[in-house]
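One chain comes next, on its own, written out as C-alpha cells in the form predicted on its own.
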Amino acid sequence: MTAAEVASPSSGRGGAFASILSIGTLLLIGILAFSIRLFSVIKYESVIHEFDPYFNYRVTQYLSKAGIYEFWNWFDDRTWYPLGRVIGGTVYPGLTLTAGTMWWVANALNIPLSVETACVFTAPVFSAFAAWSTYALTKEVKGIGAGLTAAALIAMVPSYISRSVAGSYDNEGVAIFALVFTFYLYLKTLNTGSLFYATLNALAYFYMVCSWGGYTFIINLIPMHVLLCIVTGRYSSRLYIAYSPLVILGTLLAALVPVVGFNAVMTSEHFASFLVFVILQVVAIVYYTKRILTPKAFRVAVAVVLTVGTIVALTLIAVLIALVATSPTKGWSGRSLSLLDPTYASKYIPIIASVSEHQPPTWPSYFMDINILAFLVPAGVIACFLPLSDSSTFVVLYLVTAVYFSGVMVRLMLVFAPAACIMSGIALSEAFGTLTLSVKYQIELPDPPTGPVAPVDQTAAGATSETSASATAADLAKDKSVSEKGKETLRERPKRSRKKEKESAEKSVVKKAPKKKASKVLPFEASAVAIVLLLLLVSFYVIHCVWAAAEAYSAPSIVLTSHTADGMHVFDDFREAYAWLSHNTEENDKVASWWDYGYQTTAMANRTVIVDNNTWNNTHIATVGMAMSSPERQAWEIYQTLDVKYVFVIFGGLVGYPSDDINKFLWMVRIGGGVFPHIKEADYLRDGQYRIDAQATPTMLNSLMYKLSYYRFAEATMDGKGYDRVRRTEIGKKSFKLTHFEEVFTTHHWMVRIYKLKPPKNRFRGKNKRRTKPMITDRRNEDPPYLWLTTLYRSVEVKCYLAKVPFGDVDGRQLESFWRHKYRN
C-alpha cells in the first residue's frame, strides 16, 4: 500500500469536515447579516424609511392587489399633476417583483405576511444573499479562507448597512446582491469555460438590469477586463465563452425591461461593450485561422481581414457618430456625465447636484463607511498579484473603478464596499495563513538535545549509512537514466523543440530541488503578537459596525429622535402632517411641496402631488421652485394655474432640524433660474452670503418660502425675538400677514407647516346691481374694463378652438348671442 493510499481516507474525512465547517460558517454569516440590520425594527417599529422607499412600497401594494399585467399598464394620475406618470414604463421592476414574489410565496404557504412586512425585510434577507455571493466570488480568486473572511466583512460593513437596514426598501437593497452575483458567475465562467455558467451570468445580469440603473457599471467593467486580457496576451477560449453570451443574451434580455428598452443598444453607456465584442470576435478569428492555416495562407488571411475589418469598423464608427451627434449630451445620461465629469452637474443640471447623496464624499465618510478596510485594501491588492490570474486582475480592476466612482458621489460608496471587503478578506486570510503557519512550524520543531550524547552503535550506523548510500545511488542512477532518456529524446527532435525541451527539463530539475520551509517562517514571538494585533483590529471593526447599525443607520427619517438630559424625545411630525392631509382634505385636492416629499405625500396622505422624487421633468420642478422663490401674490397665481389647493413646507428652526426647506432654498432658486431667467441667485444673497436675518435682501424676505416658514415664528419662541436654532440667528422679518395663503395646520414641533390657498376675491364689490347690456366690440387688443368680460372672451375663445373656428372670424352678433344665452338670468 502506497503512502497516497494510506493518506486518502484521512484526507477525505478532513475534506468533508472542512466542507461542513464552511457551510456552518456561511449560515452563521447569513444570520449575522440579517440580524444586524434589525435594530431599526427593535428600537423603533416596522416602518418604511427615507423617501424613495415609499414609492416602491406604494407600487408593491398596487402589484399585490391588481396583478402583474395591470402593473405594467398602470398610469398613475396622483403624481406629476397634470401630466401623470406611466409606472410600468418608468420604474425598475426588480425590487417590486422580488418583494411581491416573497409576499405571494408566504401567503401560498399560509404564512400571514403583510405587504409592508415583506417590503421592510426584503433588504436584510438579500444582505445574506450578498454575503454568500461575496464568498463565492472571493473563493474563485483566492480560495475558501479568503471567501469566508470577505463574506463576514461585507455582512457588517456600514456602507452596505446604510442601504439595507430593515425598512430601507430601495433598489440598492437587492441590486448589490445582483452586482456581486453577476461578477461571481462571470469569474466562474472565466475559470471553467462552461456555457452553463455563461447562461446563468446573462440571467443574473438581466436581474441586475431589472433592479437598478447601476447595471451600466457591469456592462462597462466586464468589457474593460476583457480588453485588458486581450492586450496583455491572456486571450483564451474561456474568455470568449465568458463574454460573448453575456453581450448577446444579456442585451436582448435588457431590452425587454420597459424602462431600458432600446437604450440597451442606443445609448453611449453600452457602446463600449459592443466595441469590445467586435474586437473579441476578430481576435478569436485570428487565433482560429492561425491554428488551421499555413504561415503563408495566414499572412494572406490577415491582410484580407485587416482590409475588411477596417472598412466595417469605419462604417460602424460613422454610424455611432451619427447616432451620438443627434443627442445634445452625445448619448450620455446626465448622471453618467456627472460621473465622468464631476463638475458637469453643478454647471448644467443643478437638480442632480442638489441631491446630498450625489455630493463628493469626505475623508471621514470613508472611515465611517468602511472603517479599517481602507488600510487593508492595499495589502489585498498586493496579494492579488502573487500570483496574477484572470480572476485577480478583474477584482483589482473592480477596485480601481469603484474607488474613482466613490470619490465622485458619496452614494457610490455602496459599490466600493464589496470591492473593499473582497480585498480586505484576501489580505486578512493571507496574513492569518502566514502567521498561523509560522506558529505551527515553530511548535513542531524538535527540541535540540541537552543531555549527554548516547554512544552510537557502529554496526547499525554502518548499516544505516550503507542503506542511505544505496538509496542515494539508486536515486542518482534513476535521475541519470531519466536525463539520458531525455537527451535521446532531444536528439530525435528538431533544434527549436530541443531547446524548449531542455529549458523545461532544467526548470523541472530546479522545481524538484528541496524547498526550505524556514524561508517564509517568522519568529514565534512576532507571529503571536501580529495575530493578537490583527484580532484586536477586527474586534474594533466589529464594534464600529454594530454601533453604526444600531445608532447611525437605524433611525428612520420619517421618525426623528433626540437625546437630552431629560431622555429621548421622539419627533413624529411627518406622519402627523400626512395624517392631517389624509383626513382633512378632499380626495382630489392637489398638494404642492418641494420634490423631496412627493413620494411620501402620495403614499401616506394619498393626495395628488405636483412633483415627486422621480425628477424626470426639470421644467415642472423649476415651476415649483419659481413659485417658492416668488413674492406671495405671484406664487399664488402660479399655484392657481396648477390647480393647487394646499402647500406645505418643512421648517426646522424651532427644534434645530437642519434638513429643512430654508436650507434647501438656494437649490430651488438655482433650479428655477435654470428655466426661468428672471430668477437670479444673486438677488437672494447679501454680499455673496445666504442670510435670513435683518441683513437679508428684500427679495429673500418677500419670497413665499420665507413667509411660509417664519409666519408667526416670533410668537412661538419664548423670548418673542424669533431665534432660528438651525441658522443660529434672529430672523429679519417677524411681524407680517399673509394675504393669499392661510395657515391650516402646524405640527407639534413646527416641523411641517401646511397652508391653504385663499380663493379669489369677489369680482363685484358693493351691492349687486342689475347688469346692463354691454356693447360688444372687438376688444382683443385692449384690456377689458370688467373681469367678467375677460371671462366671456376666454369662454368664446375656448369654444371656437373646440369648433376649429378662428377667433378672429367670430363677429359681434355671435358674441352677443353667446352672452345673452349665458347671462340671460
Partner chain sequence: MAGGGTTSDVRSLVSSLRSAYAATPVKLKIIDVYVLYALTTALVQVVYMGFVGSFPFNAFLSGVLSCVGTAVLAVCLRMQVNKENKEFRDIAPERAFADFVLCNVVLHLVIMNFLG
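Source: prediction; values computed, not measured. Think of the rigid core as the biggest set of C-alphas that the two forms share within 1.5 Å after superposition. Positions refer to the first chain, counted from 1.
What follows is about the form predicted together with the partner chain, which we do not show.
Looking at residue 193, you'd find a heavy atom of it within 4.5 angstroms of the partner chain in the predicted bound form. Heavy atoms of residue 241 reach within 4.5 Å of the partner chain in the predicted bound form, making it an interface residue. Within 4.5 Å of some heavy atom of the partner chain in the predicted bound form lies at least one heavy atom of residue 203. Within this chain, residue 633 is remote from the site of the partner chain in the predicted bound form, having no heavy atom within 4.5 Å. Residue in contact with the partner chain in the predicted bound form (any heavy atom within 4.5 Å), chosen from 248, 570, 526, 108: 248.
Though the partner chain is absent from this view, in the predicted bound form it lies within 4.5 Å of a heavy atom of just one residue from 367, 375, 235, 104, which is 235.
The partner is not drawn, yet in the predicted bound form one stretch among 685 to 693, 647 to 655, 253 to 261, 562 to 570 has residues with heavy atoms inside 4.5 Å of the partner chain: 253 to 261. Counting a residue when any of its non-hydrogen atoms is within 4.5 Å of the partner chain in the predicted bound form, the hits in 297 to 318 run 297, 300, 301, 303, 304, 306, 307. Relative to the superposed core, residue 562 shifts its CA atom by less than 2 Å between this form and the one not shown. After superposition on the rigid core, the Cα atom of residue 235 is displaced by less than 2 Å between this form and the one not shown. With a cut-off of 2 Å and the rigid core superposed, residue 436 has a Cα displacement that falls short of the cut-off between this form and the one not shown.
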